[in-house]
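Same chain, two forms, each on its own as structure tokens: structure 1, then structure 2.
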Structure 1
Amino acid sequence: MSYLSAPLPWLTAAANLLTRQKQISKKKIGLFVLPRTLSFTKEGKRFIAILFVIGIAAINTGNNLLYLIVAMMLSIIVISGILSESTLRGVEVCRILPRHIFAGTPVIVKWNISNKKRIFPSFSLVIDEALPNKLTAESGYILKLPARTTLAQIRPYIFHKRGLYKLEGFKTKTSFPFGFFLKGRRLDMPEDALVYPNIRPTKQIAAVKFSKSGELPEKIKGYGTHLYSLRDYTLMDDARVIHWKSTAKTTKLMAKEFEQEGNKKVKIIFYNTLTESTSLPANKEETISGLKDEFEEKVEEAASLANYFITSGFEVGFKSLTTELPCRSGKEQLYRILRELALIEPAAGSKNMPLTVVVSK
């Protein structure tokens, strides 16, 4: 519909009536966005300047050969327009996001770039994600995309913050064929991306600290691999637990005891309250941004803890003021918790509980 949108108000109105649904979903594109963008490159500006100078010279001298050169330069512009249009037309991009995206860390996104044209290849295409400020995505470049082919490209993206990203589509650009003009086109490809909070190793150190300070279950005897202690062998014991070296030393049968490994359970409790921290900065905006930063920090802490415990084989549960997940183990559980944390917002909570992350048994 965007082809119709620019010039005539009544036509736009009619088009809006016909395609109301679409217009609503695309409201950001707006009414007066042309289907193509065009800008001059440095060389293009020089080209136009030379064209003007020669044009004036042609008028002044009446030299028809100069007119011929002016016509040639104009034809170069026409050819450039035709070729750049042909290169942009029929190009479609779709992206395949990875299953799990973490904020602040590079993720790999696959682009399937296809040329739907029947005969003509596309050249020198630059492809960008159309949401440049919220995420860092390297632009892709294709030298040649033959007709009726699809090319896969792998692009690292960095989503700066956690949360739900509504990706809109792509911008394709080309300076083909002569590098005088930069023609751009928008390709719609709406998609949602859920971005988990970042998991930082430094935050995991905090988790280790938790376990050291005795808040975690202590080592108990059980079936594991780590040696817990040696004791005298009894007839109840499996023969495999005989520790032969100490047996040889002490000339009596000694048995090994092991640490318990399974059944480790923790619950991460996230008090996602938006209470002010201890000191109040004078500036209100600063306060708010400071609070936000603090909140994000705590979200990351919770995520890092969940990751640490899951990878250490714990059954992990999660609880916030708004949701609760029962204790389970495995990677799927980690992603469940991360999904919660990706979307978590400060909630009004009891005043006596400050913003904290607590690990409980």
Structure 2
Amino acid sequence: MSYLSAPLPWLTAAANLLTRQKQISKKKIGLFVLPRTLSFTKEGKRFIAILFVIGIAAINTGNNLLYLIVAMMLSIIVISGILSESTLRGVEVCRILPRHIFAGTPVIVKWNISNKKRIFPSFSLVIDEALPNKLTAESGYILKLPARTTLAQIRPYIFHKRGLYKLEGFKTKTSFPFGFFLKGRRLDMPEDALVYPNIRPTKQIAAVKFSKSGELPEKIKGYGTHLYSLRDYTLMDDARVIHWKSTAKTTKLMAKEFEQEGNKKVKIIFYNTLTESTSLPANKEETISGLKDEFEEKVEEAASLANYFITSGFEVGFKSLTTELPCRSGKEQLYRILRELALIEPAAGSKNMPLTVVVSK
């Protein structure tokens, strides 16, 4: 008994140490993402079931042939793991996003898929975007990716909401070589995507209701850079005002008339607040959801108005409770306003201020 009692404290300490390490490892599992994922296909589940049946039969009967079959099936699992790991290693994916992205509108994203291995190719690759919420993207598939080769694929993306998206990376999966297991690997490719609000078609009649005075600046004929109308060409006109496209259609000379510059400045004033009604429904969550939907609708109205006025030749400014942009013209000004609207959120305070979009001269 003396020989047994001596090492017991050491055994107890070792057991406590192992128990603590297990507890720590369990806590760490939730703090990081495993480098590989593994799942069974239908064929893989059947294969494992057959393996168990044959293994139990081999143990009960002691038949050497059954033991050989079990060993062969286990070796197939080992070979499948080695080849699938070789397929996933060395594969890199890079995405190229378009410069301007609008919510709810499909955009084309280019993938550059590279195999960095020197000798071995990769087979049967399935590539998915590690999707955040509110994003839809099609999967990609490559049957064979030779070594030291880069292939390009075009995939459609749809961003359902405006805002700044944090794209994390990709998930590559393969069932090579036997189709029994689906092995996956995570590829980190962080990138930010700024999504503009959806732009609706807007006509002048629809834009008038947002104006303080109920009318918009009128187009006046004069000397400017924007086209006003077309008329018949006369001998008193300069040849540089000939509109050749209309001349080709009508088979007679047509001259361009231009708009008078000035009085073509508008400012979109957006009160980015949530209006709280005095009589709220019993369900508070539904109330908040309805207010957010109303806010998003007004954001789209502001974006649509900015697009309408800038494409109509106006100098457009933007003002909210948190920012202000001076009146300017051109597409770059439109994208400045859209960037502000993509990131705008309800401002704190002034909750009684109505949620409106006002266009003023």
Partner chain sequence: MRFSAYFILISYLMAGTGLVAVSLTNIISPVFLIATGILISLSFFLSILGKPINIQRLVWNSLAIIILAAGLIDYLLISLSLIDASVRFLTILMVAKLFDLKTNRDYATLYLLTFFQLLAASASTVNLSFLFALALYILTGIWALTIFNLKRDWEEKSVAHNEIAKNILDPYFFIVTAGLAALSLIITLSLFFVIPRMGVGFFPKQTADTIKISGFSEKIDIGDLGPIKLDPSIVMRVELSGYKTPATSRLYFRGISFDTYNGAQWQQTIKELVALHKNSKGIWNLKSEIQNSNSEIIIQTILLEPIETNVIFAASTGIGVSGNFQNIAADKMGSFYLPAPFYSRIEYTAYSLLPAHPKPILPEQSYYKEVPLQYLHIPSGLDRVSVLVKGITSGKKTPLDKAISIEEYLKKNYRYTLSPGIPDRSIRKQEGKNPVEDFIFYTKAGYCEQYATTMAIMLRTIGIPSRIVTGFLPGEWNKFGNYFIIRNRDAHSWVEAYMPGAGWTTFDPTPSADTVGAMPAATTAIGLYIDTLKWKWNRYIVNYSFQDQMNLAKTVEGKGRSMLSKLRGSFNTKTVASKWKDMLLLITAVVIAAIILITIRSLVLRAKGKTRWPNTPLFYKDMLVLLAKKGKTKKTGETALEFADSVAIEGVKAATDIYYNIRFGGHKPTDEEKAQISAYLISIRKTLP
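Here, residue number means position along structure 1's sequence, counting from 1. This is a predicted model, so every value here is computed, not measured. In this text, the rigid core denotes the largest set of C-alpha atoms whose superposition between the two forms falls within 1.5 Å.
Of the two copies shown, the second one, structure 2, is the form predicted alone. In this overlay on the rigid core, residue 52 has a C-alpha that sits 2 Å or more away from its partner position between the two structures.
Relative to the superposed rigid core, residue 89 undergoes a CA displacement smaller than 2 Å between the two structures.
A movement of the C-alpha atom of residue 322 falling short of 2 angstroms is seen between the two structures when the two forms are aligned on their rigid core. Once the core of the two forms is superposed, the Cα of residue 62 has moved 4.0 Å between the two structures.
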